[in-house]
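Next comes just one chain, in structure tokens: the form predicted alone.
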């Protein structure tokens, strides 16, 4: 009787198969990550397109571009609160299919209004705890689990939903000459298309470090709507990053989508691993009041005409400054024909 030997793997063959599988996995994982990031970046682009379209629809309805923030300290405007303050985001809610939230949110009281702070006043903070997909970039770590807490204009808040988008409404006063603008220029004259709506007695407004201001009309965008940024990425908040390093998981409370401090001016950083400014690194150096994303090599921007562009980290800082200003033509060489290309 002839015996039959059972086939099988030798130890060497098994090790070879395992090695091959490991190599394939090593090749596959980066590919999957690239595909995932490409999809995330596309979703981020779509979010900003929706916000750009919302801003244009707002302008058509109201006759002006939505303000980057609303700040009103007119006496007795919202007693017993000292005034009202809102970010750009609540104004866009009806135009991004969030009309139900807008109807509950009370624009006549500050975003920090809560009956737990002042009994009988609207609970705007309860509205701001709602996560809104259009305000979130899927590339940001933490996803929907992030919340913002802190104190603003004397009002404590906690558990508020973040946004990965913000308005960069001007060049900060201490950085104006650094970016090549004349010393006579101000943050007001270098304002972007979305600028503050600030009302109230001059002395009171000045005490907050502000000056009276009204929203822009389309005709006020002298540099052209195609060349003027509307909204930028400022992603990852409340987590605070320097470069790609997590500095703190709690300190960027201004990332709440209703917080009027969800607005910043351009300073730039001295390096990609620093928060000190002014500096030539204007994209992805930090999300501490600078343009920042988790996309490789740059960040998404939506412009005042509604188109979205990807700005590279290597972009000239003076070109980026020129894309922020709405009325900067002729002030610097970069203002002649700024572009993200």
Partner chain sequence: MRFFFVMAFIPAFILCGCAGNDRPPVLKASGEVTVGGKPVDGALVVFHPQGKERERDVKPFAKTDDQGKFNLSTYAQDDGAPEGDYAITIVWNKPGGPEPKMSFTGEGGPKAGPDRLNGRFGTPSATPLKKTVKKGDANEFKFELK
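The structure displayed is predicted, hence computed values, not measured ones. Positions refer to the first chain, counted from 1.
Not pictured, yet referred to below: the form predicted together with its partner chain.
Participant: Heavy atoms within 4.5 Å of its partner chain in the predicted bound form: which stretch among 101-109, 168-176, 119-127, 143-151?
Facilitator: Contact criterion met by 168-176 only.
Participant: In the predicted bound form, does every one of 196, 265 and 270 come within 4.5 Å of its partner chain, counting any heavy atom?
Facilitator: Yes, all three are in contact.
Participant: Just to be sure I understand the contacts: of 69, 44, 302, 299, which is the one whose heavy atoms reach within 4.5 angstroms of its partner chain in the predicted bound form?
Facilitator: After the contact test, the surviving option is 69.
Participant: With heavy atoms only and a cut-off of 4.5 Å, decide whether residue 135 touches its partner chain in the predicted bound form.
Facilitator: No, residue 135 sits far enough from its partner chain in the predicted bound form that none of its heavy atoms falls within 4.5 Å.
Participant: Can you tell me if residue 16 lies within 4.5 angstroms of its partner chain in the predicted bound form, counting non-hydrogen atoms only?
Facilitator: Yes, residue 16 sits close enough to its partner chain in the predicted bound form that at least one of its heavy atoms falls within 4.5 Å.
Participant: Verify the contact flag for residue 239: yes if a non-hydrogen atom of it lies within 4.5 Å of a non-hydrogen atom of its partner chain in the predicted bound form, no if not.
Facilitator: Output for residue 239 is no: heavy atoms all beyond 4.5 Å of its partner chain.
Participant: Find out whether any non-hydrogen atom of residue 219 is located within 4.5 angstroms of its partner chain in the predicted bound form, and reply yes or no.
Facilitator: No, no contact at 4.5 Å.
Participant: Give, in sequence order, every residue of 208-230 that has a heavy atom within 4.5 Å of its partner chain in the predicted bound form, or say none if there are no such residues.
Facilitator: If the 4.5 Å heavy-atom criterion is applied to its partner chain in the predicted bound form, 208-230 yields 208, 209, 210.
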